Every structure is written in structure tokens, then in C-alpha cells.
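Listed next as C-alpha cells is one chain, alone, in the form predicted alone.
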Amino acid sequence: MALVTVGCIMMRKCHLNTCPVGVATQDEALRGNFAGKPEHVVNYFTFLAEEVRELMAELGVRSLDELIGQTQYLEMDDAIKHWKNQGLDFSRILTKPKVKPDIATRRIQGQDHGLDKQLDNELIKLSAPALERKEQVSIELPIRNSNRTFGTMLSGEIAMRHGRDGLPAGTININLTGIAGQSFGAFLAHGINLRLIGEANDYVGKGMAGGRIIVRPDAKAPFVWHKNSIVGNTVLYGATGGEAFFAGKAGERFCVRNSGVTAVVEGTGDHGCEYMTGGRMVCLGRTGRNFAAGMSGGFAYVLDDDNRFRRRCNPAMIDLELIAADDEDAEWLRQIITTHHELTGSLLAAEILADWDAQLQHFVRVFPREYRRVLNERAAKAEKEKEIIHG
């Protein structure tokens, strides 16, 4: 409803970058159609609150605390007649507990989120010189899978003190060993480098805005790195900036809704780069099926060593291209793989770089058609402005 108040007409094209009212699109021309204002949302919720108060007054209650849990005000809607609801009995669900008045019908105590026990509290203390004076600090800690959302509280502290720009690159360097819990490095802020020797669970780098995440196995690991998973599912979901390097495979939905992060991984599961709108993703191994579904922006570069990558893609919104040796992306690709090797010690990256000319021929660039159109329009606009300036 909030979207409708600012103009959404529910075309259900959010993933196609063709929203005609400019709500869900990066197309500058379509964005010009957006007519929503904050006052529209304020007005809607004001009217909603007023009507809620009117209904509460009809029931004879003055506050939500007086209303919550009072199941005697509920009744079945007899206007809904359907064979599926015949015989439904909600009496047990709607029975009020026989306890003291006003107890157990509403929130009577706060929820303990256990934030005081989070490892981030120690991170914030150790990072004091960086937070207060922007001095460079290095931290070494073990980590367990019970340490979830590691680094998020520290990122919040940086955001509160230094805003969205965060700290200079490499100000806080954190070296970890072990297995990280869910949402490792979520919402990571500029200035933090997270280096993990071990592995991590789902949602690594969720919503990260900057910084760098590096995950690699222990050098003594007996398995082949690029044939085994190093991070879980839905990694870099909704990330807006920063870099991530994973010396191993990721699970499903890698880089979903990524809009700005640069990532290197050595294999992914199904639905990679789904709904991606920006950033760059490099995959040095095979992907799962339905790759690039709904992808409207950014680039993906995939090493197609079995010549079957086309079959694993969703072709609805993307084109697949080979990369020529003189293409400017070729040099960028070589440099980012070199950085991946330097940061993780990846043997697969070393092998690719050692035979670069031959390996480059197997890389495929995933280029969203909508993104190509927008880039062409921007280039034409810039060229036209240049002609006007130089007369």
C-alpha cells in the first residue's frame, strides 16, 4: 500500500526494469515519470491511524494495549461462504488463557536479543583507535558458527560516527579462523577488511556497503578448494558496494539483487545473479541452472570450461558474449583474478593466470540487454553534450 500511495500501479514488472511509473527502475527516462512524494505516504498512514482509532472507539477501547489479546471482539465473517471453510473451528485458537487479568494477552516484557553477548562488542572496543581517530588497527580472533552477523554492530558504529562514507579503506583489518555463523559481514561498512580462514554459512555479505570480505580454507585442508563449498546460500544478497573473494564454491542465489559489489567465486549453485542490477561478478567455475534470471544490470564473467554455460542460463534478459584479448574487460578480468590469487592463495586462480591467453577464450560475459540500452543512451547523451560544449 505504501508503494501504491507513491504511484505504483502493480504492473508486476519490477524485475524487468520497465516500471512505467518510475518506482522500480534504473531507466532515467522512466524515472522521470515518478510523481510520488513523502507527503503521500504520510497522508495514507495518517488516515489509516485515524480509522483505526474510530474502530477502537466503537469497541470502547482507548489504546492498543487495551485491545491486544481481547479475542472476544473477534467473530467469523458469515459473508464468506466456501466449501473449504466448512467445519473450521477456531475456538481453541481464540480461547483466552485463564490467568490474572491483563497478563499474557499483550507484550509484558522486552525481548532479549542477546546483543550484550555478541562478539562485536569486543570488536568495537578493539577498534576504538579507528573509530575515534581513524587510526589503522589489526585484530585477530577465533570465530564459531554461533557468532552470527559478525561485524554488523561494528559497521553500525562506524555509520553512526562517520556516516555512509565510513572509514578510509583498510582502516580496520580483522583476521579470523574458524567457521562463521549466518550473515557474516552483513551490512559491512567502508573501511573494514574481514579475512576468514575457514568457512562461512548463508548470507555472507548481505547488504554490504563497502569494505572487503575474504574467505579461504586452511592451507592444510586436504580437499581441492574449488571443488568444495566455502560459503553458503544467498551470499551478497542486496549488496551495494565493496569487494568479496571466495576461494571455493558458493551455494544457491549468489549475488541476488547485487547492485554494486565486485565478487570473485570459484563456482555457484542455482539462480546465480538473480535480479542483479549492478556490480561485477566473476565465476571461475561452473554455475547452477537459471543463472541471471531477472538480471537487469551489472556484469557477470563466467569461465565456461565445459561449453555448457548457455544451457544453465535464463536467456530472457541477457546476452552472452566472448571476450576478445583487446577488450578492455579482458585486462580488468586478469587484474581482478590476480587480486583474488594474491588475497586467497587460490590454486585455481594461479592455473588460470599461468595459461591466460588460452583461458580467456573460455570466459563468457553476461550482458543484460536493458543495461546495454541504458549505457548506450548515456554514451550518446555524453557525446551530444560534448559536441555542444565544443560547438
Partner chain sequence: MTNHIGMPPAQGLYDPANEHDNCGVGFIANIKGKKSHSIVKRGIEILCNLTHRGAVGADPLDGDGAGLMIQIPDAYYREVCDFELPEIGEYGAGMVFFPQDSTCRDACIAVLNRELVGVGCNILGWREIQTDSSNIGRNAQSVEPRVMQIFVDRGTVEVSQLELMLFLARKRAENAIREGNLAGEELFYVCSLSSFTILYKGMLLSEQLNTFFPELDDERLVSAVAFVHQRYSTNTFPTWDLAQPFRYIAHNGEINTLRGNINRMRARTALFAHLDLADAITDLDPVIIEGSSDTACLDNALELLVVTGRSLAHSLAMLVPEAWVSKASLRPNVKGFFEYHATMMEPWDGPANIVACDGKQVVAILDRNGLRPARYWITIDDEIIYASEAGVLDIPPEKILRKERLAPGKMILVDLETGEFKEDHQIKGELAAAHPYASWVSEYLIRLDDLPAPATKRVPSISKMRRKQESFGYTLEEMREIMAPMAINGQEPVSSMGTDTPVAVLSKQSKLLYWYFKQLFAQITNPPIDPLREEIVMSLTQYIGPARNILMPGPEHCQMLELDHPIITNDVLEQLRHSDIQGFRGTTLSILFDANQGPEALEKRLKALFVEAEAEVDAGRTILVLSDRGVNAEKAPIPTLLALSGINHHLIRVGKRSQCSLIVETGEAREVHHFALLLGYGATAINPYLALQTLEAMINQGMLPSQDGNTHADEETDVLHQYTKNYIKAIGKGLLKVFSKMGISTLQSYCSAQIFEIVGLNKDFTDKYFPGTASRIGGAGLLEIATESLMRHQLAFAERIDPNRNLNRGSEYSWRREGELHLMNPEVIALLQHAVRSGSRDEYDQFSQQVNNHSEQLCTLRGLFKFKEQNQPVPLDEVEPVSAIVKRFCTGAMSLGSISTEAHETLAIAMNRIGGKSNTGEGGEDPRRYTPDANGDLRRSAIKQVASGRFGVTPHYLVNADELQIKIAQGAKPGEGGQLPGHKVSEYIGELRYSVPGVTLISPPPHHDIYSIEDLAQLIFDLKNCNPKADITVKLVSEVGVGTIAAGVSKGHAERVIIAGFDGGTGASPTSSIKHAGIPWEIGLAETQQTLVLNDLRGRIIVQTDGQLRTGRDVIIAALLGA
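Numbering follows the first chain given and starts at 1. Rigid core (definition): largest C-alpha set, two forms, superposition within 1.5 Å. No experiment lies behind these values; they were computed from the predicted model shown.
A second form of this protein, the form predicted together with its partner chain, is not displayed here; the remarks below concern that form.
Only one segment in the set 227 to 235, 299 to 307, 129 to 137, 168 to 176 has any non-hydrogen atom within 4.5 angstroms of its partner chain in the predicted bound form, and it is 227 to 235. Note on contacts: among A189, I213, I318, V264, the single residue with a heavy atom within 4.5 Å of its partner chain in the predicted bound form is A189. For V256, a non-hydrogen atom is located within 4.5 Å of its partner chain in the predicted bound form, even though that partner is not displayed. Looking at A325, you'd find every heavy atom of it more than 4.5 angstroms from its partner chain in the predicted bound form. Taking the partner from elsewhere, E39 is found to have a heavy atom lying within 4.5 Å of its partner chain in the predicted bound form. At least one heavy atom of Q70 is located within 4.5 Å of its partner chain in the predicted bound form. Taking a 4.5 Å heavy atom cutoff to its partner chain in the predicted bound form, the contacting residues in 350 to 380 are E370, Y371, R373, V374, R378.
Annotation for L67: C-alpha shift of 2 angstroms or more between this form and the one not shown, rigid core superposed. The Cα shift for L347 between this form and the one not shown, taken after rigid core superposition, is smaller than 2 angstroms. Residue displacement note: T338 has its CA displaced by under 2 Å between this form and the one not shown (rigid core superposed).
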